[in-house]
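First structure 1, then structure 2: two forms of the same chain, each alone, as structure tokens.
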Structure 1
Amino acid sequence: MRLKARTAMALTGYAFILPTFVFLIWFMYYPVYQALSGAFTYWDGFNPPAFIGLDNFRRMLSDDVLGQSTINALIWVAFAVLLAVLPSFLVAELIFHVRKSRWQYVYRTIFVLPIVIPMVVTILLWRFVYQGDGAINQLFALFGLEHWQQLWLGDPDIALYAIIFMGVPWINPFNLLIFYAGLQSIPKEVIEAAKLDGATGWRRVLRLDIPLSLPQFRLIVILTLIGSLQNIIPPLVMTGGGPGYSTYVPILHMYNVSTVNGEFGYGMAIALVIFVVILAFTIVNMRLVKSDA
């Protein structure tokens, strides 16, 4: 009887997870397998992939576009981390030090509100603002600063930075909420003790808030590293990687190599390398989160 009941429960358990696994095998595990194995093949999408060993990876070493893309990605990641951390932490601090909790809630809500704007709209809007006759150049003309006008997305020396620095004042709602929650979780006694030691105002921020928010800083830095390596929609939509290859990033290269040139094997090899880099960051992150807990 007990055995029968246990078998019945086991069967129910499998029945409950069956739909999930049907979908995962079909649209996750199999594509992952294809990506990982495809990296070692010549694969045009029509004929079955032909195994070519490490040829794709050897080709990557002498791929100038990939080299340029990697440099661009590193520049992007460096600035993305700064922009993800500094403005959001500053605003979290300001909101946290507002006296009335009602106002805190109002501010929090206002800063989170822009998430309703689809990301594509933000990107398209900035593409528009950066145009030769766009709002930024019009604004400079208004103040007689014509010599500051630029072809923001058309100049290969500027285009990458124009894309990186869109979205002034760079307040990320998600990061803001994480920092804010971190500040809220600082125990009252610790704050009181710090006050007695004379740590108020800026001194408090430096000595208390920042050290105690280190877990939040770490989480956001690593999530930004991972996220900004994958972010290809801004260059894809704003410049298509151009002018030249000045705004190319590795995953955009993968996208174009695969979908435009039909070189799926080579595309998967690029994807695999970036995946390994991102996986390394993720594992470091998990280790750190675990050591916090």
Structure 2
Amino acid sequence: MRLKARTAMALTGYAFILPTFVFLIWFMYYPVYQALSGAFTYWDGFNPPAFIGLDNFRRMLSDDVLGQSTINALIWVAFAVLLAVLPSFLVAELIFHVRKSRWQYVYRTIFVLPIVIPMVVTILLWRFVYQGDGAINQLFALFGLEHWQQLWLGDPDIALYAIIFMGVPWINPFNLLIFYAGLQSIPKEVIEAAKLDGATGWRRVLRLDIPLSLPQFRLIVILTLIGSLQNIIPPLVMTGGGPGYSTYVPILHMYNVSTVNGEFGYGMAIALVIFVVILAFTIVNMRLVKSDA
């Protein structure tokens, strides 16, 4: 009887979690399988897919738009890593050195509050700031610096950098909390010993805080690399990839190829390559975190 009761309880539990597994497989794993298999086909979204082997991947090698978007993505990743690491770490250091814990909590809350603002709202706000009659150009005009005024999103030479550098002062709340937690984990005995050795101020930051925060640096760098490669919303909302292809990135190219041109097979091939690159970064991230555990 006890065995039957346990079996019945187990079956009841599995019955409750079965819908979760069904939705997980249908909405997450099946699209991955469909993209994997569709990358080797020509499919317009209506007619049955036609197997074409590696033609989509060969086409990628001669796709000038994809090449330009890859260069843009590499530039974006390089600046994104710097903006994700330096400002957040410096602010985390400043907060950590506030003497009263109550004020540390207040400052942390102030910098974390913007996380509740939807990203699309922030992007739309910055698009207004970058307009020809937006806040930046009006500010230049106020100080008599009309020669500094630009079409920030209309000039191919600066449009990409305008998108990259939006969000002043570039304090990512998530990164800030990671760095702050890393600084808090430094043993007090180590800090006191460093003070006795004369490691104060910037000397302490360079010789103690940064070396002991390397796991946090590695984690944030890898997560920023992955996030930058998936970053489609800013260029899509602000410029649509223009002017020309100056703000195009691979994931935006994949989106336009699939939804605008109706070349779903080629779009899936691009998505597969992006997936492989992101998977590689994820594996590196897991190994680095595991080695620091």
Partner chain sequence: MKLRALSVMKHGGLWLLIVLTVLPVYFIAANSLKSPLGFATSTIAWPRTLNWSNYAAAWERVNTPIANTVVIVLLSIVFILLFAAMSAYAFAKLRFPLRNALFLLVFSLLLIPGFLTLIPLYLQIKKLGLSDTYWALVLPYIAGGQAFSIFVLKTFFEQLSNELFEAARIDGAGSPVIFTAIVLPLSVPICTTVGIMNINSLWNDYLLPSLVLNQAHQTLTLALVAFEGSSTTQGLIDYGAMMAAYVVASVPLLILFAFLMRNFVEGIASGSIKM
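By rigid core we mean the largest C-alpha set that fits within 1.5 Å across both forms. This structure is a prediction, so every number in the text was calculated from the model and none was measured. Structure 1's sequence is the ruler for residue numbers, which start at 1.
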Only one structure is the form predicted in complex with the partner chain, namely structure 1
Superposing on the rigid core, is the CA of Leu279 displaced by 2 Å or more between structures 1 and 2?
no
Rigid core superposed, CA of Tyr14 - does it shift 2 Å or more between structures 1 and 2?
yes
